[in-house]
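Read the single chain below, which is given as structure tokens and is the form predicted on its own.
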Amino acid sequence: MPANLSPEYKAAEAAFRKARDPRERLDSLREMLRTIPKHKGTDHLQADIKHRIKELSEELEGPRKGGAARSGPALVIRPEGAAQIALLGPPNSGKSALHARLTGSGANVAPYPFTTQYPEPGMMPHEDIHFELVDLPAISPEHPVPWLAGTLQTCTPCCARNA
């Protein structure tokens, strides 16, 4: 069945096709829905526009809360290379500076404690072998990190002390 779309609808559709910003696309979709003729020939088109508006609105709102969507950075780093080595220690002990120097990752290094908030992976080459070096947040009684034990499960066990 012919839709007999109006010039206003066609202009809104052209604006939708040209728009790259999600907000502009949403505004164009709403204008398309407002100007579309309401009759039996446009039922499917109206339903499609409403569905697109819903999807775009949800996308702009951000991730959903609950079990299906995760928010925040990954707290467990999948091992890569010959071994995964974690840098673990007290605040301002030079973990991030060492990580940045050995891996070239550009990890945040600052003169104040608790700069590193989440695991920061990087690859450290040694001869023809690559090791994954993971910079972790500082361990301190004042600043507990509950997920740290889960992150350490994938690391290669070893021990290094300050001399």
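Only a predicted model underlies this, so the values are computations on that prediction, with no experimental measurement involved. Throughout, rigid core stands for the largest set of C-alpha atoms superposing within 1.5 Å between the two forms. Start at 1 with the first residue shown and count on from there.
Note that the form predicted in complex with a small molecule isn't included here; everything after this is about it.
Peer 1: Sort through G94, P125, G104, G41 and report the residue having a heavy atom within 4.5 Å of the small molecule in the predicted complex.
Peer 2: The residue from G94, P125, G104, G41 that makes the contact is G94.
Peer 1: Considering non-hydrogen atoms and a 4.5 Å limit, which listed residue (A47, A110, I129, L60) is close to the small molecule in the predicted complex?
Peer 2: Answer to the contact question: A110.
Peer 1: Although the partner isn't part of this model, could you tell me whether T35 comes within 4.5 Å of the small molecule in the predicted complex, counting any heavy atom of the residue?
Peer 2: Close contact is absent here: in the predicted complex, T35 is far from the small molecule, nothing within 4.5 Å, heavy atoms only.
Peer 1: Does the small molecule come within 4.5 Å of any heavy atom of A138 in the predicted complex?
Peer 2: Output for A138 is yes: heavy atoms within 4.5 Å of the small molecule.
Peer 1: At 4.5 Å between heavy atoms, is S28 in contact with the small molecule in the predicted complex?
Peer 2: Contact check for S28: no, nothing within 4.5 Å of the small molecule in the predicted complex.
Peer 1: Taking the rigid core as reference, does the Cα of R17 move 2 Å or more between the shown form and the other one?
Peer 2: Where the cores coincide, R17 still shows a C-alpha shift between the shown form and the other one that is 2 Å or more.
Peer 1: Compare the position of the CA of R52 between the shown form and the other one after a rigid core fit and state whether the shift reaches 2 Å.
Peer 2: R52: C-alpha displaced by 2 Å or more between the shown form and the other one.
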